[in-house]
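Given next, in structure tokens, is a single chain: the form predicted on its own.
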């Protein structure tokens, strides 16, 4: 691989918020560029006038920065090959349309959507693959002029050469072959004058010096069309690699209910960028080390040879695993900010570090931190149903002994436990679970030794005393 000129890109359409599928595409392209010391370019493909929104552009720029997927060329950064929004490149496309028309490789098509739908239906009924029948390809110049004079607005179709085999080596899937006779002449400019995806995407990749394109396998059928276009325009083609799509746990397409969440929703839930990067980098790609990797390590270990052809299965449990790892490694100052505004309402500044050390192993999201802040510091403790049952089963004598042991040993946890064991004759969960339930209202949670250190003595005594009344 030529490292001096390697250049990848991410080219989203701003018709919605980024979701896991297109975030993974952006990540893989960014990692490939970083791995070989190349460049990562961002281009906004906003030719869909009805659905493209400026707020989606702003959101995707912010989300990519949040993930740490900064680009070296594109919006906000600039570069010598802009503009980097397709809506601003109409004059560039017009020049290439003219070149194709001048050489007879493109022609206006006046077929209506209804006529095209009828033709498609007839071909399917006859057992033939649907493709454009070439109706307008056979129009004379006089017939074309007559239609234009009637005010008809044509599309522009690329004339696919007959009898060709289009071959290319996919960097993920190996050698690919397509018969041009199966493709049919395709639209490169819509009737409203905007470019079709096949055309603008291919032309921009060539003009912007893109050398490698990693994209979803749903674009595989687009590639022979784009290679024919670039050949006709005498423009260089990038190397393509088509990524296996992400599927849900049931083997079907990823659904909104599972992992097809927008990055905005994941951020709002408290997912950390490092967690998403470690998870997505392994979704359809294999690393030699199945352990936490920093961004530079993710790039260093990324290889096209490690991309799989089988569908990548979304696993919510794996994402939660990497989220736990990210929380475990986060700097305390950043962790405190991430916890949100609820936690400081309960936790005093001088207790911040002790609180973080206490609850860090038991939290994955800010809501978890808020839960434990309320449990440990709120004056009134609400018992869970399970905790209440445990407290009742332990009986009032247990908590009378616990109060006495605490009075003698305070937060010296090992001595307190040994004393309570001696007084009650209990051990294991029969000793620890009632004590935890009394102090936190839960039967599982942070280490009891840390909880005792963190809680004020008066609160410990009050909660143990309350359990005598409950039981």
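Positions refer to the first chain, counted from 1. Not measured: the values here are computed from a predicted model.
Beyond the structure shown, there is the form predicted in complex with glutamic acid, which is absent from this document and is the topic of what follows.
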Quiz item: Which pick from 323, 278, 201, 387 sits with a heavy atom within 4.5 Å of glutamic acid in the model of the complex?
Solution: 201
Quiz item: Among 375, 215, 171, 212, which has at least one heavy atom within 4.5 Å of glutamic acid in the model of the complex?
Solution: 215
Practice problem: Would you please decide whether residue 121 lies within 4.5 angstroms of glutamic acid in the model of the complex, comparing each non-hydrogen atom pair? | Solution: no
Quiz prompt | is_contact(residue 219, glutamic acid) in the model of the complex, heavy atom dist at most 4.5 Å | solution = yes
Quiz item: Does residue 338 make contact with glutamic acid in the model of the complex, using a 4.5 Å heavy atom cut-off?
Solution: no
Quiz item: Heavy atoms within 4.5 Å of glutamic acid in the model of the complex: does residue 11 have any?
Solution: yes
Exercise. Please name which of the stretches 98-106, 193-201, 367-375, 263-271 has residues with heavy atoms lying within 4.5 Å of glutamic acid in the model of the complex.
Key: 193-201
